[in-house]
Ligand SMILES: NC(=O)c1ccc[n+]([C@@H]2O[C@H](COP(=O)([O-])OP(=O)(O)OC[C@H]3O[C@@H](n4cnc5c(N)ncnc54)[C@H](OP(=O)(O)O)[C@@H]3O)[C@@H](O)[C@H]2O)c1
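Have a look below at one chain only, the form predicted on its own, in structure tokens format.
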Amino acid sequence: MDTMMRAWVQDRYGNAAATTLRRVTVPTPGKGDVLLKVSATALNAGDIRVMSGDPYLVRLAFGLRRPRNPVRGMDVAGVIVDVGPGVDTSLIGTEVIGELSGGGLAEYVITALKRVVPKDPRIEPAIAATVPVAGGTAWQALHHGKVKAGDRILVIGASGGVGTFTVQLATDAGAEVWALCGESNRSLVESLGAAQTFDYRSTDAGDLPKSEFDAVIDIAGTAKLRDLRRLVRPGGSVVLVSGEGGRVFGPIGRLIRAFLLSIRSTRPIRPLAATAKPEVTSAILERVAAGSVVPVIERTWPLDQAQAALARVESGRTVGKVVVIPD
């Protein structure tokens, strides 16, 4: 097996230009770990947050001066090629998918076995890699909003990675989906199951009918909280998947306002703190294999162009997912 590999490494916080392609030593799995030969890595907004250290508050968790894990890439599909102590060697050769703590923009990556699940051989690695973070966040947002069959929901920011999964998972659950997205993406979002779509440039959340929705899933994070709350029926809720904010504390101020507006309210605003859930990844992969959920990939990039892929996600204009595939 190889002893050296290519990896995109960053020694400081910054934009995509802060990453450099280098040859580094292939890591050795520790107790309970597996070594994956990377088949595909999907990029997320969370990778950009860690890469840039923005807001500064994230640096308390990921490193004060530079990311502790110098390689970005949380969503990884790969093949187990080595195992650490305590892991059954019969797993070598198994195709898996999981949300890792980073390291995916490389030819090999270490992860705890408990963070990955088997990949259905019918699903291409690039497709599978899109699922854990974006699909998992969408799943948890719908669960947080208590969305069920017969509900009408609004998805704000419906054409991105999380949004395209949210529309499909809600439709698959029997909900009626309305969506805000860019004009050029309306036909795509409608093809994913949205009953009605609106151009966010000409239609604000406050322009939509009041008390029409059982849940509002706000992925864009820019709408006024009072406007969002007016959209839901009594007993319904607003789920905040992300939010804009300052360089230091990020969306903390918005979350505090959401808490205050929700006190004794019959239409609460619920911030979502999505976490890695392998069992949810497996559940979504089952739907992908069955064809009821079709991940949207804007473009795939070779590993030697991963810096450009990071810059694309950094632009905030991606449609669906951006995936990096080793050469």
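Because the structure is a prediction, the values reported are computed rather than measured. Residue numbers run from 1 along the displayed sequence.
This protein has a second form, the form predicted together with this ligand, left out of what is shown; the following refers to that one.
Looking at 157 to 165, 80 to 88, 116 to 124, 227 to 235, which lies within 4.5 angstroms of this ligand in the predicted bound form, counting heavy atoms? The contacting stretch is 157 to 165.
Cys181 near this ligand in the predicted bound form, any heavy atom under 4.5 Å? Yes - in the predicted bound form, heavy atoms of Cys181 and this ligand come within 4.5 Å of each other.
Decide whether Arg49 counts as a contact residue for this ligand in the predicted bound form under a heavy atom distance cut-off of 4.5 Å. Result yes; Arg49 sits at the interface with this ligand in the predicted bound form.
Applying a 4.5 Å heavy atom distance criterion, does Leu169 contact this ligand in the predicted bound form? No.
How about Ala289: is it within 4.5 Å of this ligand in the predicted bound form, going by heavy atoms? Answer no; every heavy atom of Ala289 is more than 4.5 Å from this ligand in the predicted bound form.
The unique member of Ala175, Ala220, Ala205, Leu100 whose heavy atoms fall within 4.5 Å of this ligand in the predicted bound form: Only one listed residue qualifies here, and that residue is Ala220.
Between the options Ala194, Ala215, Val241, Val76, which residue brings a heavy atom to within 4.5 Å of this ligand in the predicted bound form? In short, Val241.
Can all three of Ala45, Arg201 and Gly320 be found with a heavy atom no more than 4.5 Å from this ligand in the predicted bound form? All of them do, each having a heavy atom within 4.5 Å of the partner.
For the heavy atom contacts within 4.5 Å of this ligand in the predicted bound form, list the residues of 240 to 274 involved, in sequence order. If the 4.5 Å heavy-atom criterion is applied to this ligand in the predicted bound form, 240 to 274 yields Val241, Ser242, Leu272, Ala273, Ala274.
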